[in-house]
Ligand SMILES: Nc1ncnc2c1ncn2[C@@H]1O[C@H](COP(=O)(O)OP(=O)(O)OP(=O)(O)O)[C@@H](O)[C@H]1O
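Below, in structure tokens: the form predicted alone, a single chain.
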Amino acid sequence: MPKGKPVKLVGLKGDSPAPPRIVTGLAELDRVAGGGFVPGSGVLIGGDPGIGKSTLLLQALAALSRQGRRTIYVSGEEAIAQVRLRAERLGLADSGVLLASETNVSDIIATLADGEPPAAAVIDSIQTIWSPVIESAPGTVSQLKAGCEALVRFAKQAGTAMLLVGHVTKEGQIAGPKVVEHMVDTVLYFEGDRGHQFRILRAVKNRFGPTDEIGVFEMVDQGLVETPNPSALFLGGAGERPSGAAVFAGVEGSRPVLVEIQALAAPTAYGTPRRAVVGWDSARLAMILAVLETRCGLSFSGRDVYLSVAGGLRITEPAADLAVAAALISALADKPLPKQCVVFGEVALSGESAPLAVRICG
């Protein structure tokens, strides 16, 4: 092994300027990215098929190209004619985004390096890329690692924000080895129910920004529209709420969000009651039901329990415990909660709520 040479060591304290940002102009996307994409960064974006990943990135590239920046969209799944049809439907045909249809990573890098390096480039998708030096089919572990490594290396050298689209598995995780997520700087998930028009962009890894911010979009005929006030979408109707509905006040990143939690407790027709959850943790629901039965004397043993978070949002914070409990009690008693009532707080196994739990009724 050749002898190495010592490298310069520096202290933790020093003047380190903040990394520059490529601001797309899509406020919700820039918010999740931490104020815009950092030049030379690798960004992996995952989501279910048809959720709108390609639409979002095409709109982002079009917004950058209208700022005079060079942007390139490389599709490994669609022909150029198909991408052009989507661009015409979205009203982006005159934006100046450059298109290519290629899956050979060597040819893609040669294309990106030809001329002025692009400010941002989209590779759709990373699972279709293959390297001629790897003797395996596209989508295999070795091909994914080699393709991602080559594209991220080019991004670092050229100062290009490299946006990689990734498929997801049935479990909702980006397909392929976890090492691909470690190789990039940012991992974003585009979530949503195809039955709803709302889409949520969430950061799960970000070396240049927070990982708890969300961006909310609405899918319309003209593409994705930003939603600066998501509470208006996640709340149900503006009138009287029925029994089983509770409004939860949570915080996603730097913004407060009001969400309606809906519960239904119906008499079961089977020996074992059903427990169905959409948008929340099923294990957490089982814990809340156990607390209500043991500590409060309520019986759900003969009832099917259905719980849903309105609008397709997925809630992970424990502060939703009290709102879920209120919705379940309201559904069991068939009595609506007071109008303009907001509930939040964590529930312990003892049946007590956290010290900061607050119930606010207007």
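Computed from a prediction, not measured in an experiment: that's the story for all the values here. Residues carry their position along the shown sequence, with the first being 1.
Below, we turn to the form predicted in complex with the ligand, even though it does not appear here.
No residue in the set L29, E191 and R255 has a non-hydrogen atom no more than 4.5 Å from the ligand in the predicted complex.
This chain is displayed alone, yet in the predicted complex one of G52, G35, G312, P318 has a heavy atom within 4.5 Å of the ligand; that residue is G52. Residue E77 is the only one of E218, E213, E77, E149 with a heavy atom lying within 4.5 Å of the ligand in the predicted complex. The ligand in the predicted complex is approached by D48, whose closest heavy atom lies within 4.5 angstroms of it. The closest heavy atom approach of R202 to the ligand in the predicted complex falls outside 4.5 Å. In the predicted complex, R89 approaches the ligand with a heavy atom inside 4.5 Å.
R284 falls outside the set of residues with a heavy atom inside 4.5 Å of the ligand in the predicted complex. Of the candidate stretches 218 to 226, 180 to 188, 100 to 108, 139 to 147, only 218 to 226 contains residues with a heavy atom within 4.5 Å of the ligand in the predicted complex.
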